[in-house]
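A lone chain, given as structure tokens: the form predicted alone.
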Amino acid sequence: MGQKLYSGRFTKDISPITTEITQSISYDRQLYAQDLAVSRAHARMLYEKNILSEKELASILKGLELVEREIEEGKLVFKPELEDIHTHIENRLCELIGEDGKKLHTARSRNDQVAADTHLYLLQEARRQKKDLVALLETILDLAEKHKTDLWIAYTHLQVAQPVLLSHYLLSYFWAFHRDLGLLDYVIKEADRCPLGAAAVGGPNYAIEPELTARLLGFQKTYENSLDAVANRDYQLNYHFFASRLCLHVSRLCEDLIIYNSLEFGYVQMDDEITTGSSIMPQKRNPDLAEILRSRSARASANLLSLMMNLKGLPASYNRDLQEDKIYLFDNIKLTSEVILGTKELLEHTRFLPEKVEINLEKGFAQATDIADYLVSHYGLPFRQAHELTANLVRYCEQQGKTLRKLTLEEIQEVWPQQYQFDKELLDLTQSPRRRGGSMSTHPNEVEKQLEKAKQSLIAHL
């Protein structure tokens, strides 16, 4: 049957509803591998400090191996009354090897045990996600290289603003996700410390060596303070903020692609692999993957807020409220993994159609800024005056139902001041990016440099 680790203190059974509310085995069972790893490291440290004998260590390690096999084969029965994964493993260990199993809990508490499990779990998952995020960034770079010279529209206020290179547009998302990669590095750095050795709150009554346990588990460092070690959840807040910000970037990209995929825009076409049909309208190809990915930012941010509210106002050190941190963490880790892989899939099965873009660049008078800047650079006009003259030309186009490129020279001269010669090359949309200047611009030479910088930045993360 097994018993709770604290049952000696009580004479009455805990009530069923209390058992249901306080149990965590329904979700923390997925920490079993980390819990076993932490227990093995703790046992080896106890042996090195002469707290366990060689025989006892061998017995415990063999027993933990048997428990691991039972869990992986689905033979270990999980019971709500045993509360958590730590109690299940320890109870089963004692059933298998007897008194030696009861010595494993020497010099530790569930408080520092679960903290160590969670640190280890987060580190492992974050490192795996880093590889997936690098792969997503490589996908964006491949697309930018493929469309290096293709024309695209830059929007502000969802209104046609200026012609840019499609590669420049794609790289704008590369750098957003690249910042997320940098933030993930920070998450990993801050989580890479071992809390085992804090015991319940003040440290154990034994001459242990937390640094040894940390090394055995692959941690770079330990905590400086036992109260902080069992209470700290900043490393999880860091991860949740990473997840939330990454999902916000994904949501914005998906919004773009959903709009661009519509009939009215037609800038991209999504393949069958990432779209679904309608149960009633035979013609439909719905961008469901992009829509679900767009929605994930809500859940990711909610998990961040949930942990923040959980932590708000907690008194010093460990409180049972902290048990529920794993609900938010497990959800965001799974969600974020899917988002990274799903976004990569989305981009790999979305075809960009730059030939569709030029129509709207023309309809949106996207050459207007070039014309105004031409007046400034060639004739020394104040920009506000050049802006007004160009606006007059655009208004004339709207009245005539024409685009700028469709105007004849005679029509231009009706509106254009005679003292300023008009250069028809200004209306060539493909030349617009070449008129831009500065290291951040969409000028082809600058985009080429940007691509090379992006490639080098990824190499540094490999």
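Since this is a predicted model, take the numbers as computed values, not measurements. Residue numbers here begin at 1 and follow the sequence given.
Heads up, the form predicted in complex with another copy of the chain isn't pictured, but that's what we're talking about next.
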Item to complete: Choose from 289-297, 121-129, 135-143, 71-79 the stretch whose residues reach within 4.5 Å of another copy of the chain in the predicted complex, heavy atoms counted.
Response: 289-297
Practice prompt. Using heavy atoms only and a 4.5 Å cut-off, determine which of Ile333, Val114, Ala199, Ile97 is in contact with another copy of the chain in the predicted complex.
Written response: Ala199
Worksheet item: Among Leu248, Leu217, Ile188, Leu347, which has any heavy atom within 4.5 Å of another copy of the chain in the predicted complex?
Response: Leu248
Discussion item. Considering non-hydrogen atoms and a 4.5 Å limit, does another copy of the chain approach Glu20 in the predicted complex?
Written reply: yes
Worksheet item: Is Ala366 one of the residues lying within 4.5 Å of another copy of the chain in the predicted complex, judged by heavy atom distances?
Response: yes
Practice prompt. Answer yes if any heavy atom of Glu448 is within 4.5 Å of a heavy atom of another copy of the chain in the predicted complex; otherwise answer no.
Written response: no
Worksheet item: Going by a heavy atom distance of 4.5 Å, is Arg29 a contact of another copy of the chain in the predicted complex?
Response: no
Worksheet item: What are the residues of 231-261, in order along the chain, with a heavy atom within 4.5 Å of another copy of the chain in the predicted complex?
Response: Ala231, Asn232, Asp234, Leu237, Asn238, Phe241, Ser244, Arg245, Leu248, His249, Ser251, Arg252, Glu255, Asp256, Ile258, Ile259, Asn261
